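What follows is one chain in structure tokens, specifically the form predicted alone.
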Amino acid sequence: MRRPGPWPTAATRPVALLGWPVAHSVSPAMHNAAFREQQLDLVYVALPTRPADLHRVVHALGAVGAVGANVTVPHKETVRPLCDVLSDEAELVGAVNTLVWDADGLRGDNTDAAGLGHVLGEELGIGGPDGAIVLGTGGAARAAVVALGRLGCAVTVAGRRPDAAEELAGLAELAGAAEVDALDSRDEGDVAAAIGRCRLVVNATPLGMAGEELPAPFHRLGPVHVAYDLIYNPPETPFLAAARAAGAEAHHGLGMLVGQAAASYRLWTGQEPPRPVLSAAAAAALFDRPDAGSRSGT
């Protein structure tokens, strides 16, 4: 705890966000608001980290006494070998989004699956026997298929690398999916047929951050669909815009961000996070600034 007064202080310890890019992120505003609310002598900073520099940046954070870090694109899988210990969740998901320095050294954990599962299950009512299709095979997609598997959905994974899509389908099955399938995302006929059998359509790729479109079938949804984009900035990607125009329910990824942030906060501080503060600060940082909606990120 810290005493009320000037902050940060000479004793303030850092928590960092590692990614490339990170300038779009609302995580510093979100976590620093929560640290101030609970008077913790911590400060959250975004550190743009090129892939070639990841090892040096992680080592430097440990050397200066950092409490922890979040890890985002493109480092969620490549940071794993730098950890001394991996949580069961990180082992299952195969990706790390949270680092904690403790008595055991550097611990890698994953809070993405829990954050997304809360939003989909508790807020959107997704669950078995709903069908869900996930576009992507990276670290975010791994968390998504675990979350959907735990909800008992029938999960289809679409990716440009069929072997990676097959692996993620197996991961969904391991997590509890009712049925699984894997598709080449370039096969528009098979993808369109799969989307037709699904209620939930998830974009777990960075496509859309700079205005890119997804493969064509993902832009042909209908009123029976729920579209969920893990991207939160910009809050409306071409995928979500097309979904809304077609009458589908559409959601950006800010809810998932708040959910995973709350779980990471708990790991770093040992305290229950002030979730309303996290949520309000994230929304204010995203929607109340002059350039809201013009920048990009996950």
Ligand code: NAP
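Just count from 1 along the sequence shown to find any residue number. Remember, it's a predicted structure, so these values are computed and weren't measured experimentally.
A second form of this protein, the form predicted together with the named molecule, is not displayed here; the remarks below concern that form.
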As a check of understanding, the residue in I195, L207, L92, L82 with any heavy atom within 4.5 Å of the named molecule in the predicted complex should be identified as L207
Distance check, T137 to the named molecule in the predicted complex, heavy atom within 4.5 Å: yes
Look up in the predicted complex whether L257 has a non-hydrogen atom within 4.5 angstroms of the named molecule, and give yes or no. yes
Can L151 be called a contact residue for the named molecule in the predicted complex at 4.5 Å between heavy atoms? no
Exercise: R161 in contact with the named molecule in the predicted complex, heavy atom 4.5 Å: yes
With the named molecule left out here, work out from 126-134, 199-207, 84-92, 171-179 which stretch has heavy atoms within 4.5 Å of it in the predicted complex. 199-207
Under the 4.5 Å heavy atom criterion, name the residues of 222-260 that approach the named molecule in the predicted complex, in sequence order. L230, I231, Y232, G253, M256, L257
